Ligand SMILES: NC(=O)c1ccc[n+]([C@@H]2O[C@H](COP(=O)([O-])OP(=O)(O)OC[C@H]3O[C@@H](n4cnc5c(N)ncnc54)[C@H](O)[C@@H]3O)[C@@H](O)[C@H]2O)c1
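The chain below stands alone and is given in structure tokens; this is the form predicted alone.
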């Protein structure tokens, strides 16, 4: 089986490559990525990259049908996966996340590809109150990123893509370890702050809900989607992917970290403007269908793994939010050096 992963040189790709190779040991993995975040490493070795049999350095916006030769499955990860970047580069976010994804699916339908796995997001629910949202509930995307994700899903539903089984995995906020660690994700941020600075600064009042998922469980979900018999469902098929036990308020996430790092001081900004991005999600359908692929580890397991890894990171004394572990900073640095333009293309 030949599997193409777009955006494989981002946060999820290194873990996904290893997971796919370990599960489908006869698979041939192809990575396609512009290399925008290639240097954003938190370890000296790019171990995750070695699981890809072939690497194509290309912007997903420039993909053509020859790139899909003999490919059986596409995993569509390529995206501007960050609300601050989406805000500053809204046009590029739409081009990369929405237009290029639709184009990729159309090309796939004209080739040997039989299955298209799209990395969507639970953020499509937006301000959703305290009731956990199921797949058919109304959507309220609040950011360019969330709008692009539900836009792709709606396009697939309204426009039949022939000869292609499509599954849209609505992922919660990612967390956990990767060769290309991101510290602009809530749990990763809190753990790193607690380890290096003995404090957690919550930028909101701590009340918003954030379901979480470890990148290892994201990879397991993609394996499930790859092997799942789509003859049992209609295509396109959208599903919430995560764990019911991992729905937390932001202040609860901070408390979980403090339980393992007791010397941590938690600072809550009680005067912050209300964060409208708040949603609980019901993952019962995924639990029913995924069976052994449903997440089993505790959030404490993930926290401990992050603690062990980030303890060795060299970070600025005054804080890491100005470092390249924050994706927006890396983008701004590339732009300041004249290496990319406003469309997030290499110059």
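Residue numbers count along the first chain shown, from 1. As the structure is a prediction and not an experimental result, all values here were calculated from the model.
Unshown form predicted together with the named molecule; subsequent notes refer to it.
(Q) residue 185 versus the named molecule, in the predicted complex: is there a non-hydrogen atom within 4.5 Å? (A) Judged by the heavy-atom cut-off of 4.5 Å, residue 185 is in contact with the named molecule in the predicted complex.
**Q.** Close approach of residue 12 to the named molecule in the predicted complex, 4.5 Å, heavy atom
**A.** Contact check for residue 12: yes, within 4.5 Å of the named molecule in the predicted complex.
Q.
Within 4.5 Å, heavy atoms only: does residue 35 come near the named molecule in the predicted complex?
A. So residue 35 counts as contacting the named molecule.
(Q) Within 4.5 Å, heavy atoms only: does residue 59 come near the named molecule in the predicted complex? (A) Heavy-atom contact with the named molecule at 4.5 Å: present for residue 59.
Q) Okay, which stretch from 174 to 182, 258 to 266, 102 to 110, 133 to 141 lines the named molecule in the predicted complex, with non-hydrogen atoms inside 4.5 Å? A) Partner-contacting stretch among the options: 174 to 182.
Q: Answer yes or no: in the predicted complex, does the named molecule come within 4.5 Å of a heavy atom in every one of 98, 161 and 165?
A: The answer is no; none of 98, 161 and 165 reaches the named molecule.
Q) Can you pick the one in 253, 74, 124, 218 that has a heavy atom within 4.5 Å of the named molecule in the predicted complex? A) Contact with the named molecule in the predicted complex is made by 218 alone.
Q.
Within 4.5 Å, heavy atoms only, which of 116, 190, 246, 145 is in contact with the named molecule in the predicted complex?
A. Of 116, 190, 246, 145, the residue with a heavy atom within 4.5 Å of the named molecule in the predicted complex is 145.
**Q.** Residues of 76 to 106 having any heavy atom within 4.5 Å of the named molecule in the predicted complex, listed in sequence order
**A.** The stretch touches the partner through 77, 78, 79, 81, 96.
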